[in-house]
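In the block that follows, a single chain appears as structure tokens, in the form predicted alone.
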Amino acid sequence: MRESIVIEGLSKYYNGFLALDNLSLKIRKNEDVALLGPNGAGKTTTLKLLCGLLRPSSGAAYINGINVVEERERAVSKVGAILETPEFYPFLTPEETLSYLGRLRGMRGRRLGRRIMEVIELVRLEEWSKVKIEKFSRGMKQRLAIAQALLHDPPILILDEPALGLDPRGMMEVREIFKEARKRKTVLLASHLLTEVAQVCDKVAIIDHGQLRVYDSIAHLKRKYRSFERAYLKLTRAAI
């Protein structure tokens, strides 16, 4: 299987409003792709369809060759995801939260305990691992969301604004985490942050009004439009 993610003619209506319009995309194994577009372009809808949280109006999506609609649980079992603003039970600690989520994924015993410590250290929450989440800032919750996405060491990451709410240092640390992860994972990352995207991803899919405008390498877009920012503005009908 050369493609980790395949989207074929995916469309989604919300009460007559066309949010996603015949989107097709193929992401090969171990590629890292950014999904870019203005607010309302269809980015979050695309990610929710891929994770089986929405049903498409037409078209299909496949994870490792498995149809997401027909076999949702099997398809998403190898996916780690962050979708929209993460929320957790405020009365639990990060350790308790990750233990609960790990058991839901079939992880047990020492393997689970060891992996919890690894991801907590990875996202720099060691000093907060036994503190109730009700005391956490938005950025700390975002770090915990990254930890839960990586907990079961999935081969595919689907991430909606993973740097949301992080300060500059946190953004830099998250960038390093994903630079390491991309060596052996497929990453589909939705973001508004062009500078961050350019440092983490090699390819970009730009969508606007639910339609794919371009799917290309960032390096090629820089050559064609003289800068990545200029390419984004041109392709999303924005004025320069």
Partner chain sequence: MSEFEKLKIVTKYELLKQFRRRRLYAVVAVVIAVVVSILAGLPLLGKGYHEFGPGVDDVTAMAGMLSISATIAAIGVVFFAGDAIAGEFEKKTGYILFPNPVRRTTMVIGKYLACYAAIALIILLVYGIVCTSLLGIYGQIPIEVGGSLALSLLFAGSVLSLTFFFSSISKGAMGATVMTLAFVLIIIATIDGVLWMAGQPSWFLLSRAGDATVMVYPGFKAMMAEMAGTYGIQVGAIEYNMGLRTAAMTAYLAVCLLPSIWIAKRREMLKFTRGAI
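Numbering follows the first chain given and starts at 1. Note that the coordinates shown come from a computational prediction; the quantities given were computed from them, not determined experimentally.
Below, we turn to the form predicted together with the partner chain, even though it does not appear here.
A single residue from the set D153, E118, E126, E84 has any heavy atom within 4.5 angstroms of the partner chain in the predicted complex; that residue is E84. Not displayed here, the partner chain is kept clear of L166 by more than 4.5 Å at the level of heavy atoms in the predicted complex. Residue contact with the partner chain in the predicted complex: T45 places a heavy atom within 4.5 Å of it. A residue is said to contact a partner when one of its heavy atoms sits within 4.5 Å of a partner heavy atom; L101 meets this definition for the partner chain in the predicted complex. Mapping the unseen interface onto this chain, G109 falls outside it, with no heavy atom inside 4.5 Å of the partner chain in the predicted complex.
For the partner chain in the predicted complex, the listed stretch (29-37, 169-177, 52-60, 196-204) containing residues with heavy atoms inside 4.5 Å is 52-60.
Although the partner is absent from the chain shown here, Y14, R72 and F91 each have a heavy atom within 4.5 Å of the partner chain in the predicted complex.
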